[in-house]
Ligand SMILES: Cc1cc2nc3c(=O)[nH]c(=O)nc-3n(C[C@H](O)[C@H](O)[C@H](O)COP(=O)(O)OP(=O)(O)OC[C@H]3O[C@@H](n4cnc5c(N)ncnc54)[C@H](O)[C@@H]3O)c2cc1C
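The chain below stands alone, shown as structure tokens; this is the form predicted alone.
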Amino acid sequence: MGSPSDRYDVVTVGAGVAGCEAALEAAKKNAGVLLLEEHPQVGSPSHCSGVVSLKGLELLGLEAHSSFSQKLIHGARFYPPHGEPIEVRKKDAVALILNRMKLDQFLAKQAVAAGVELRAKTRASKFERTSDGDLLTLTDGSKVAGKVVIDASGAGSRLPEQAGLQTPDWAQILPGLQYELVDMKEQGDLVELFFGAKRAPGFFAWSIPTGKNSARVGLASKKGNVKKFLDDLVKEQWPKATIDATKSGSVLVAGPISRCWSPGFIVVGDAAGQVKQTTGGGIVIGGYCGKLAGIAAASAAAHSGVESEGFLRNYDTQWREKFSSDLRKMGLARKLFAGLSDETLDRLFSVLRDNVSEIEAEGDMDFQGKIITRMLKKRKVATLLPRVATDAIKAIFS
């Protein structure tokens, strides 16, 4: 067992948005908190596209701080496989393009200021339970103990399995690639999304403006060579642009695991599958769930036995009440549309083109269930989908 200085009320693994929010909230509840980050610098490397809704920031209690804000966005332009794009624009800004590394560092500083101990270059390799608390073995062979461990270490974590929980279906991770492009034609205030089998089979490509003549351009795909797809898209859309940086990553579309707690253990964020399956985005959902996890962990650490476990169980209940309905509908929508042919996608986009005003009025980046429901219930949309898909829609939305 470690020395007394290596014992904490709460140990949080991973200093991304979910982990930092969890550590901060636990510290606010007067818990002794250790925050572990495997990389030398918080936020680096960043694989995130960096789009977050302003409503989502508000939900996290954040504002568009100058340290991590890059550009305000008013909507999106959707490119079907063939034909003219569809533009969905709102009068007021709806989203913020941010520097994800700077956001993580901003949140980590808040956590440290609240009394959290941050250790960089430290990865937890093993979770085990002992008679007097949870034990994490670190990659240098040392050990730290906590009354509660929060795993916020991202996709691919093996800690939940060691704690007796499911892990997301890692087979449902789509490989992705992203370029930072400069020397581009002037960028506007819309995110651009590109669909079709020749661009990104089973998912989509994106262009996210980061400055007047720069953008983050990337894609994920369920099959094929993502680099070739991305190079072809850049050549097609921005032939004179220069690639300033390249980042590889992955998009998790598996959906949440069935249970996110076990005695002395909570899992949150990508490691829990708390991600929008339609886009792979998890900043807002992961951050909010991190807040709930931190509060629950601090409360559980202050109690024992059945009472302690009640706080952990309550975390699982609370986050599902907030997000599970939307996540379920997003998962359905992704599965339905991932297998559609380009011809069907073109026809579907023509229907959506006729409903732009409704999408502008009712669409929400983070809570997509409402607009997904409305669109899937439209007769013209239903007729374009396979019979098995329309039967699934009726079963879920009836």
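One rule holds for the numbers: they count along the sequence shown, beginning at 1. Bear in mind the structure is a predicted one, so any value in this text is a computation, not a measurement.
Unshown form predicted together with the named molecule; subsequent notes refer to it.
Among G202, G75, P85, G154, the residue placing a heavy atom within 4.5 Å of the named molecule in the predicted bound form is G154. Just one of A298, V116, A124, V144 comes within 4.5 Å of the named molecule in the predicted bound form, counting any heavy atom, and that one is A124. Although the partner is absent from this view, W206 contacts the named molecule in the predicted bound form, with a non-hydrogen atom inside 4.5 angstroms. In the predicted bound form, the named molecule sits within 4.5 Å of a heavy atom belonging to G50. Looking at G264, you'd find every heavy atom of it more than 4.5 angstroms from the named molecule in the predicted bound form. In the predicted bound form, the named molecule lies farther than 4.5 Å from every heavy atom of K335.
Remark: all three candidate residues (G14, S250 and I283) come within 4.5 Å of the named molecule in the predicted bound form, counting heavy atoms only. The stretch among 326-334, 341-349, 42-50, 63-71 whose residues place heavy atoms within 4.5 Å of the named molecule in the predicted bound form is 42-50.
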